[in-house]
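Here are two versions of the same chain, shown separately as structure tokens and labelled structure 1 and structure 2.
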Structure 1
Amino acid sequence: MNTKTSVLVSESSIGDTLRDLLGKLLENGEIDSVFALRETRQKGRYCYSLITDPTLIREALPFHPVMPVQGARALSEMTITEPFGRPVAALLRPCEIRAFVENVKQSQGSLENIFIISCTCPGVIPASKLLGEDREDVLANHGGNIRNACRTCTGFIPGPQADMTVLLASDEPHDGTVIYLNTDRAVEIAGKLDSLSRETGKPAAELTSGISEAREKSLKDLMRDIPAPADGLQSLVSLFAACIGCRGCREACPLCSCVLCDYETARTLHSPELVRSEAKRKGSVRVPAGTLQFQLGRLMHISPSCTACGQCSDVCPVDIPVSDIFIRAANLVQESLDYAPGRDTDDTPPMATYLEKELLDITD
């Protein structure tokens, strides 16, 4: 049965509509600042910025198809010591919202005073593809250049934390802008925007069912094709053979938030004498050591809360499909634990709980 939902509509482009909306909210004091993407002075380089001047909103690039850093990590760094004192409009993709919710559960940030504007996400392009002279061609062929993590993302419609949702990805091309009003706060703000018309429309899920089917198929293919621990240790050794131990995946991950990582402690850092003795015993040893242990340890730690953003693969200098491996593991682990990361702030993270009779179907 078809249902209707409250939306704002505009004949202008999504970028122009959102810049106009955000500028007016800044001018009338509804919000104090805007957290959004913008291009730096270097062409093709982007960053998240906190914008307070309404005249600078013209520099914002709402939902530009790039993720220079994971938005959840940036918001966590700004709110980990204390919440925003004044309202902030944050433009976040669905995976960024889910990751930030997980961070909030771990006391790594605060949702207080954050008005979230999200979108039905068509995916982002790896940063490396936007650094060449063919950047405009890559952007024009957006759908053919998105991260593999985005091709397999079935959570591209934001959850209840989004106050507004922009219809960006949809089965059929559409002119103008459609913005869903998901919360009472969004409805209140919409009532103060004379430039946008208020209408009713079909829910986003009805307008994106084709995208959902395609991504579910891609996810199924990934689950089938990516090697798993059950395939044997050698398959994992082969997957991570190119790892140089740079720890870039850990630094980029919005969920790796330990103050002191276990892989930077004396327990996992080896003395020259130990390395020498191992080399003498085996004939030769890899340096740096422990790359596979690091990857498997992070996989075990993060997979229950992984939101499949793909940032880890994007920063890997040797093109290891880190996110594909994590997505496969996360889907299996989260299904076993009946846990959906980022769904609700009241859901307790699995790593923070202990149940005596948990996972008996696996361990027995």
Structure 2
Amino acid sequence: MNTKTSVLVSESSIGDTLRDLLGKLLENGEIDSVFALRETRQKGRYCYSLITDPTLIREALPFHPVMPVQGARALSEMTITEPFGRPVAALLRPCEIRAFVENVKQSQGSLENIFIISCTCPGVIPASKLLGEDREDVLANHGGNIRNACRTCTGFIPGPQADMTVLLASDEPHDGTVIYLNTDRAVEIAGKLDSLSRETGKPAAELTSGISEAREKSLKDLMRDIPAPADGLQSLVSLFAACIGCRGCREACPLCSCVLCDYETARTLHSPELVRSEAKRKGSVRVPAGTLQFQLGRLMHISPSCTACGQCSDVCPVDIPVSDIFIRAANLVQESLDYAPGRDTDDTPPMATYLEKELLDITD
């Protein structure tokens, strides 16, 4: 059965259609809760919420163009110790799904009972751009304001883990709502929603080839323009010159899940004696030491699984293009490892492959 091109359509807007759909699913007990964005009590500030009351679904903002917290990070927090016991519908962007799949592979969460509704993603606006009074204008000019990471994102069509995909970004503007039913579960659920009509449609890839081309081109530009460690340390030193060491990039990254970062351990921290003797030897040293060590170390740890979400750049208070640097390195590393984060739950992460091999070596 080719479910890929089986779609639900509605004349109403995407937000209304989804809220209606989610409300019904909550009411008829098909799902138990909804994981979606809401605006907080302060204008222009958003948070992920777990909604259980069908009447509060009206507050959900499906695919509002902002990512206050990477969705995978929030889902991981909830499912690291136990999976959801009853079905939850999670509205996630493609990079959030990829990151969560990586979390699951690294035992940092569970996909059990999570019904994923995703979208062909037009990108999100940096959260800081929505803090000002001009937020309506910023939202209106969505395309001109999206993150760098989104501009270069070629993975904007969700992977096989998405049960439903809403056609959000498309080459031709379209009225109403088109929802792809990607899995049997989605088809089953769709069967219970009589207000939406079933049709067959063109695959999402066909309707977004223009966007895909533009993104490929931006990614190529990024690969050309952004320095990598191999280009020599100097360019990285100046890129990270303004780094205040807040580690927000690490805290926000859905893949940095170490409880104690390697770059805060006795192994990597510079001893006071070393710092002082270096100052004596060289005449002067920058303190606190280890800014670049942290960045390069994180780059090494994360580049095999970086899902190019851009969250790290988003939180950086001094606007260092952190994700540009990570995305460039990730592209090179992932290509050489033939690894695509989030592609398949059964793909073994590169590190784990080595681990297995090591075990075999020892048992031989």
Partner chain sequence: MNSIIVDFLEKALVSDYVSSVLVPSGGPDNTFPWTLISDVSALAMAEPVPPVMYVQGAKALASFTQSMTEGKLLAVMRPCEARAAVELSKLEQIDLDNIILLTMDCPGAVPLKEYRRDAGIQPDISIPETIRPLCRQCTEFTSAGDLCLAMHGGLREVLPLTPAGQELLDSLGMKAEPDTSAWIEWASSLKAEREAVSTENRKSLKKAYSGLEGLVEVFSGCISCRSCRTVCPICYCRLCFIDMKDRRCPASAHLENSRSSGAARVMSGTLLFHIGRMAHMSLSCVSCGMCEDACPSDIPVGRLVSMVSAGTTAVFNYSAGSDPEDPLPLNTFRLEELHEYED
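From a predicted model like this one, the values you see are computed outputs, not experimental measurements. We call the rigid core whatever largest set of C-alpha positions still superposes within 1.5 Å between the two forms. Residue indices: 1-based, along structure 1.
- Which number, 1 or 2, marks the form predicted in complex with its partner chain? It is the second structure that is the form predicted in complex with its partner chain.
- Look at P173 and decide if its Cα position differs by 2 Å or more between structure 1 and structure 2 after superposing on the rigid core. False for P173: its C-alpha shift is below 2 Å.
- Item | CA of G283, rigid core aligned, shift of 2 Å or more between structure 1 and structure 2 | Yes, the C-alpha position differs by at least 2 Å between structure 1 and structure 2.
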